[in-house]
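Form predicted on its own, single chain, as structure tokens, below.
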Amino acid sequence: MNFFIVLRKELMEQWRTKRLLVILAVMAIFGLISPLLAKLTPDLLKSIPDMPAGLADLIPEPTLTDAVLQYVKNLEQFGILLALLMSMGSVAQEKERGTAAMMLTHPLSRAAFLLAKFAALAVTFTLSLTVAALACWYYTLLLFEALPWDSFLALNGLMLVGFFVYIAATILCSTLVRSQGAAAGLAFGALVLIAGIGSLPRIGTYFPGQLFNWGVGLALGAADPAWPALWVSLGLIVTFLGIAWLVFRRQEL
């Protein structure tokens, strides 16, 4: 049993348990409604009864910038949450049920076992974000104007790297413990820790959150490159998966 067989098994399991459809549907919905929310929010605010005179005139008209910001805000929040929810039981659940020990009796390395878990989730998130991006681009074209394809593609690529960081971190948390509940608690703590450190003034420029800001700048033609955040994010993915492998290879199943 090699890496590709396990990868196929993971993808089939995601399909049968509807996890793939859930991720795709949630991200596609937010891809669709983000430009729509940006377009309609000012009108909804103006329609509030008993609004003070003159206040409605202060609400600016929606622009392309609002559509992009709404899209990134929604996908960042719900994408990270989905990365945590869909990854937290990836290893712990297998150990809890005993299926990990059964699979590893075949000619399958523990590194390949973990990498297949990560790769399957990476494929699912890549597919789902692609659908969300297409939906957002089309509705933005209808409601505002066309976004440049190259910069919008770069925006989504940077967001995808950010999601991969949280997937890798959650797989590590799932490897450290033997129950899905403990993995969920640990993964949530890791999410808070990464987000907390990323909010610090100087250190934050090196953390995954900066990738979303860089992507917004690229999409709107006012990019402020954050290469250090990209290299650190890629390094975190490798580090998290490497630590997970070092821990997993010493665990009794």
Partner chain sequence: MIQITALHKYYGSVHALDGLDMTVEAGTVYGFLGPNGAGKTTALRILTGLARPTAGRASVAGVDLVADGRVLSRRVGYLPEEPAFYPWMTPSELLDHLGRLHGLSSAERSRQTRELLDLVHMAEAGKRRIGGFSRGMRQRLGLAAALVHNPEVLLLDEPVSALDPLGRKEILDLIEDLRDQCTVLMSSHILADVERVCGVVGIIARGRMIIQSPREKLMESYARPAFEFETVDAASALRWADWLKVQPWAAAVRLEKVVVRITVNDIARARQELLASAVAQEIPLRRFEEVRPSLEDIFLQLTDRETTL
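Small disclaimer: the values here were computed from a predicted structure and weren't measured. Numbering follows the first chain given and starts at 1.
We do not show the form predicted together with its partner chain, though everything after this point is about it.
Q. For this chain shown on its own, do Ile5, Arg16 and Arg97 all sit within 4.5 Å of its partner chain in the predicted bound form, going by heavy atoms?
A. Yes, each of Ile5, Arg16 and Arg97 comes within 4.5 Å of its partner chain in the predicted bound form.
Q.
By the heavy atom within 4.5 Å rule, which residue out of Ser109, Thr130, Ser151, Ser179 makes contact with its partner chain in the predicted bound form?
A. Of Ser109, Thr130, Ser151, Ser179, the residue with a heavy atom within 4.5 Å of its partner chain in the predicted bound form is Ser109.
**Q.** 4.5 Å heavy atom contact, Met103 and its partner chain in the predicted bound form
**A.** Contact with its partner chain, yes.
Q: Check whether Leu234 has any heavy atom within 4.5 Å of a heavy atom of its partner chain in the predicted bound form, and answer yes or no.
A: Contact check for Leu234: no, nothing within 4.5 Å of its partner chain in the predicted bound form.
Q. Should Met12 be counted as a contact of its partner chain in the predicted bound form, where contact means heavy atoms within 4.5 Å?
A. Flag for Met12 set to yes.
**Q.** Location of its partner chain contact in the predicted bound form, chosen stretch of 151-159, 109-117, 166-174, 67-75 [non-hydrogen atom, 4.5 Å]
**A.** Going through the listed ranges, the match is 109-117.
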